[in-house]
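Shown below, as structure tokens, is a lone chain in the form predicted on its own; questions about how it binds or moves come after it.
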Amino acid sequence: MKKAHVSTEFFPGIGPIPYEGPDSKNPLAFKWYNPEEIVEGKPMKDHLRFSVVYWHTIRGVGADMFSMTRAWQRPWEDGTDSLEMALKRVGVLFEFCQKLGVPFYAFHDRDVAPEGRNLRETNKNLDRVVRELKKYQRDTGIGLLWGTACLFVHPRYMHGAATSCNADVFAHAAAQVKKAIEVTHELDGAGYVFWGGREGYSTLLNTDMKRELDHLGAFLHLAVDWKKKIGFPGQFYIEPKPKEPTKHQYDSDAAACLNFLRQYNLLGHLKLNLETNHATLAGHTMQHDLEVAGAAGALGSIDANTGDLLLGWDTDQFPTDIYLTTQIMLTVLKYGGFTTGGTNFDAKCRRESFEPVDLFHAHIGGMDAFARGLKIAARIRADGRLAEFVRQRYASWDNGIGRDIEKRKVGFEELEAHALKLGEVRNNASGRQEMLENLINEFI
């Protein structure tokens, strides 16, 4: 990674984070993430494609659902949301990414540039900051994993954006997304994410669900059309979340998103960006949603975080659970790994962790957890026992009547004739769940 010239150091006393190995006791060193280490034929950094988010890491103020007031006062902040402050934050982001050794970042449009008095002024502010981002990207080699538009904070979006009951709000959202796609393209972003923060309902008493879903489908088709028109080669993603802030969001989980994309003929244009804490809120494991997306050829990228299972909201904590990261990487590797997507830390420090150094501790822990999960998953795959057990469990489908069923060579009549010859059918093999859990523990 290139070294950028920085006139001001925003994280003084913290140098580039080194890899020191599992025996290190240095809290500002990696124990497991060794970016050049080869795993399954390619460097660890290319498997994981780590990304830092602008919103929590650079713009976070320690607010939570019980206090929206600022708990953190970063030393570089002047307390304003001015354009000058926005330009200064660009240097903060890139210094942090460089010292951490992360190759990507991600943003919402309103994270990087303030809203103006009207859309024209807002776009002008964004253009100015994009020029600064472009300069830092060129000087450092750090790239944009994906961009997106914030269609949920401003009061105009209280009823939703693409699903708003107000056509003027739909138009404003379209203009905002148009601009966000354009700047993502200008910054050579690898992708663009749609997350429907308020695309849902609080009560069906005031909601025309079919009309709202039709509008959302039309909105995404307009975005696809614009992507083609400007020649943006990046991947489009849709991000599932079941609720919060709405009672029900239309992108509720991986299966719901895939059903929506199929219904509106969008499946070939969007993949899924999956978040662990969102899967938890939907009542699933992250591995479940990854498998659902992977089976449909729609596994694109992940937001790496976790929730607290004792709390019922989106806590966005940094992932440190090795079982979780192992399960994630087993499925990611199974479906061919990341291409345009990556491991994006949509996670925030706890309100009580208010010093800038805590940002490094948090990301180091998450990166080490994923590096360890990657290595464990690769060892499980190389060992082969898990895959062989699954293969044997479905062996009856590899020949005879099973193969004929999968190839659609038989109908109900032929299956009835086969069943009549069988007599009583018994299951002939245990599921061995306990043994397989023990097997995984051998590698953890």
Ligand code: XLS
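Residue numbers here begin at 1 and follow the sequence given. What you see is a predicted model, and the numbers here were worked out from it, not measured in a lab.
Although not depicted, the form predicted in complex with D-xylose (XLS) is the subject of the following passage.
- Not one of S164, F219 and D251 places a heavy atom within 4.5 Å of D-xylose (XLS) in the predicted bound form.
- Stretch 275-283 is the contacting one of 172-180, 92-100, 288-296, 275-283, since its residues have non-hydrogen atoms within 4.5 Å of D-xylose (XLS) in the predicted bound form.
- Contact annotation for D303: at least one heavy atom lies within 4.5 Å of D-xylose (XLS) in the predicted bound form.
- Though the partner is left out of this view, W72 does not reach within 4.5 Å of D-xylose (XLS) in the predicted bound form, counting heavy atoms only.
- In the predicted bound form, D-xylose (XLS) sits within 4.5 Å of a heavy atom belonging to W195.
- Although the partner is absent from this view, T148 contacts D-xylose (XLS) in the predicted bound form, with a non-hydrogen atom inside 4.5 angstroms.
- Taking F152, Y323, Y264, Y335 one by one, only a single residue has any non-hydrogen atom within 4.5 Å of D-xylose (XLS) in the predicted bound form, and it is F152.
- When D-xylose (XLS) is considered in the predicted bound form, only one residue from H108, K227, R372, H363 comes within 4.5 Å through any heavy atom, namely H108.
- With contact defined as any non-hydrogen atom lying within 4.5 angstroms of D-xylose (XLS) in the predicted bound form, W55 is the only contacting residue in 45-79.
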